[in-house]
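Here's a solo chain for you in structure tokens, the form predicted on its own.
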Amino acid sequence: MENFDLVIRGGKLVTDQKVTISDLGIRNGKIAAVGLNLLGKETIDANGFLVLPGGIDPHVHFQMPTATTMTSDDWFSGTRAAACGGTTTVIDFVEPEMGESLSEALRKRQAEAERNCWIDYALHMTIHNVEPKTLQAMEYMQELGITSFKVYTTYEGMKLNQNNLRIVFEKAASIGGLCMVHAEADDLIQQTTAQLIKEKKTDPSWFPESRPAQAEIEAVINCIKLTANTNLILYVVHLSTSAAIELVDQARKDGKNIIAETCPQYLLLNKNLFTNNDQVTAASLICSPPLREAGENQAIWSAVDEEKIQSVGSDHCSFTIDPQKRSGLDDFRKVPGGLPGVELRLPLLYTFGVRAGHLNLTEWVRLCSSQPAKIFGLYPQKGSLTVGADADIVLFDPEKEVVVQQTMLHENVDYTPYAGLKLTGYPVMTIVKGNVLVKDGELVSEKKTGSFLKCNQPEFV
């Protein structure tokens, strides 16, 4: 009988296709066998646990500078938190500065992450302009492992106008790449914000009114039109409205290669939290797009039920309340926007998705692991339990009860928007490249083995 470095025995293996009771044999950091009665130098008893491919979070922002500050989670703390929550691969962003080439920005980003990551990471490239050198560099990026490009329809200095969006979409399509789009109509946001300022409605509780649902809907309609006559894969990030999700779903039915992402905050939180709490709490909940009307939570869950969502990312973008969020209590425009969430994405989707009947186990793994891996060209190295895949594995206790508190988390932030939620089901062990990294919520290894992943051709799912 063949001996493996490690055998995970007797767990309920959950993939995007099926649930089976089997053993996993691991050798040299890879899954080497799936079967019964495997023997290893070390054995982990997984009886009673779900055994999952590690989560793939396709949308995080670690060590991201803004005009006035920097996200509170860097590569070290962000990837640590991810691992503690059962995520074993993250995909972050490269955001070139004015005048900086794409390759220079990529090298700088990789240098920041090098030797600071507990888990593997990949990168998307943000495109701020359509200069010839930028478009030419998009082709070269593929050789460096960057096959997805992010564009914005809002934010000064980042937004692309209609014509420039079309140019980037066509360029990405011509090289077989994927475009991610932050879709909010900037003109409408400017109008609504100006009106609020005129009416002196500037404290953080007014923030959701400054970025109305219609802004997302209009931008999604526009982006869908711009993909006409191309074979572009368009990935619409952090959808917060059911109407926009329906637009994406209809476009898919019409034969367009469009993918819908949402985030836990749009499934579980809503704008009532702004009106029922103080200014500090309101500031802590500012993110773009904003939290919506309470009814949208259930409407987006219904979209999950109907498989109209293909990917769930956290959009982890953390800032502390003190002093970062508190800096804008007199003017919501000064509050750095973003929420922490990388650590809780997987268990939140289990409790409120699987246990609530919106997802079965395979659908849960599909949304949180295998489909993000496929979309961004990392599958089956990541997001699978097949022989040859990286041994990034999570043992998940489906009965473990947890009440969310900021103090239990490993994110470098002084609050969590999910405080007080009761979870049933939580990761109890995270294995990265065949080594146990996290056990019962704490790091048990000092090995930071995370490295840069080159993405292959994107896949439409």
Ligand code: URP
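These numbers come from a predicted model, not from an experiment. Sequential numbering from 1, following the sequence displayed.
Unshown form predicted together with this ligand; subsequent notes refer to it.
- Residue in contact with this ligand in the model of the complex (any heavy atom within 4.5 Å), chosen from G338, G328, G377, G353: G338.
- Site annotation in the model of the complex: the residue of K271, K256, R109, H182 reaching within 4.5 Å of this ligand with a heavy atom is H182.
- The partner is not drawn, yet in the model of the complex one stretch among 330 to 338, 80 to 88, 190 to 198, 303 to 311 has residues with heavy atoms inside 4.5 Å of this ligand: 330 to 338.
- With a 4.5 Å cutoff on heavy atoms, S288 counts as touching this ligand in the model of the complex.
- Proximity of Y152 to this ligand in the model of the complex: non-hydrogen atoms within 4.5 Å are present.
- Taking non-hydrogen atoms only, K433 never approaches this ligand to within 4.5 angstroms in the model of the complex.
- When this ligand is considered in the model of the complex, K171 lies well away from it, no heavy atom lying within 4.5 Å.
- Residue H238 is the only one in 213 to 243 with at least one heavy atom within 4.5 Å of this ligand in the model of the complex.
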